[in-house]
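What follows is a single chain, given as structure tokens, in the form predicted on its own.
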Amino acid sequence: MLKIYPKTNIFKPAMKSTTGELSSIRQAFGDTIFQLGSKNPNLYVVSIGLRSSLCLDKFANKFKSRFIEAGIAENNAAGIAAGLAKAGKKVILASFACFSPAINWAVIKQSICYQKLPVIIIGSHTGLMSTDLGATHQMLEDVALMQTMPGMQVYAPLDATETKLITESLVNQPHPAYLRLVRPQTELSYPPKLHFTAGHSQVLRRGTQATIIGYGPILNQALSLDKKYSIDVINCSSLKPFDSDTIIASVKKTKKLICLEDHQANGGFGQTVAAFLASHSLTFQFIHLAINDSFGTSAKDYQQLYSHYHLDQSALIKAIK
């Protein structure tokens, strides 16, 4: 049964702002694609009926011959993207994650990954941050789906700043890739002078008490913790390939690992990292803060959902203790 949280029961945000400034990850993506399209006549976009939601109107209006609206036809859209890439084009395949890759995963596997085509698959509206759209649109399984795909790279930016950097990086690489975006405006937390490199993580806060890893805006809950908590906070926006060296070095120091992710625990990034570390005979305590074999539900504020599923800052503090 779908549970609707009443308007009168909206939680105040539990996160303290690290910068006080909010920005849209989706808008950063759309603006970056427009800028890249202005420089690269080989860049194409295949949309699955959601161009405005992915902030692609500027690209569509300016580069009409390079914008293909496939409509609500996810499998066909993936096939079109594969065909364009096979013809030598650089292709963006854009939709909500609950439609792509959730519906067209088999076509992505057979037509894009099997042929190692450089299609960038954009899955927006991921995680519990889709709030009032409910369980059907709160995609909580996409990382599991995409990181199991041979040859597929997986990325999830911390904020709008990193979204721009990752998008620019992906357009210049020869591999299929998945980029995970969220719906609402979020805090700007990524250091403005910091570069992005595929396969590398960033230690955004240093300490000795515990190691916290994660990806996407949910990681702000760790970054904004009181300074009395001495923690390493590692932004793992490159999920596949992931930066094993940085995580190993931190866990060897703290002996305690917490993975915070707005995704199912089963098949999530935390399981991937924990299995890797265990295979290297490291001794450490591990807590995985993620969705525990459950679908999402509706709310007016995603902080309500983080509290409901024990992903909020109080749950994080309890895990550290």
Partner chain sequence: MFNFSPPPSRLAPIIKSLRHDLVDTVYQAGFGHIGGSLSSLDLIATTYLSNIFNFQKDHFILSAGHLCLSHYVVLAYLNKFPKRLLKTYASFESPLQGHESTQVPGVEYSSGSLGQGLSFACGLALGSKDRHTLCLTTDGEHNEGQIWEAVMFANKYHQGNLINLVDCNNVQLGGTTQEIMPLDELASKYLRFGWTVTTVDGHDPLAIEKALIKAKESTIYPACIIAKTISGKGISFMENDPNYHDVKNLSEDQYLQACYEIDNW
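Because the structure is a prediction, the values reported are computed rather than measured. Positions refer to the first chain, counted from 1.
Not on display, but discussed next: the form predicted in complex with its partner chain.
Peer 1: Heavy atom within 4.5 Å of its partner chain in the model of the complex: which of Ile248, Ala73, Ala102, Leu194?
Peer 2: After the contact test, the surviving option is Ala73.
Peer 1: If you check Gln110, Gln185, Ser244, Thr208 against its partner chain in the model of the complex, which one has a heavy atom within 4.5 Å?
Peer 2: For this set of options, the contacting one is Gln110.
Peer 1: In the model of the complex, does Gln173 come within 4.5 Å of its partner chain, counting heavy atoms only?
Peer 2: Because no heavy atom of Gln173 falls inside 4.5 Å of its partner chain in the model of the complex, the answer is no.
Peer 1: Using the partner position in the model of the complex, report whether Gln115 sits within 4.5 Å of its partner chain, counting heavy atoms only.
Peer 2: Gln115: contacts its partner chain in the model of the complex.
Peer 1: Can Ile68 be called a contact residue for its partner chain in the model of the complex at 4.5 Å between heavy atoms?
Peer 2: Heavy-atom contact with its partner chain at 4.5 Å: present for Ile68.
Peer 1: Taking the shortest heavy atom distance, is Ile166 within 4.5 Å of its partner chain in the model of the complex?
Peer 2: No - in the model of the complex, heavy atoms of Ile166 and its partner chain never come within 4.5 Å of each other.
Peer 1: Want to guess which of 127-135, 234-242, 209-217, 86-94 is within 4.5 Å of its partner chain in the model of the complex, heavy atoms only?
Peer 2: Among the listed stretches, the partner-contacting one is 86-94.
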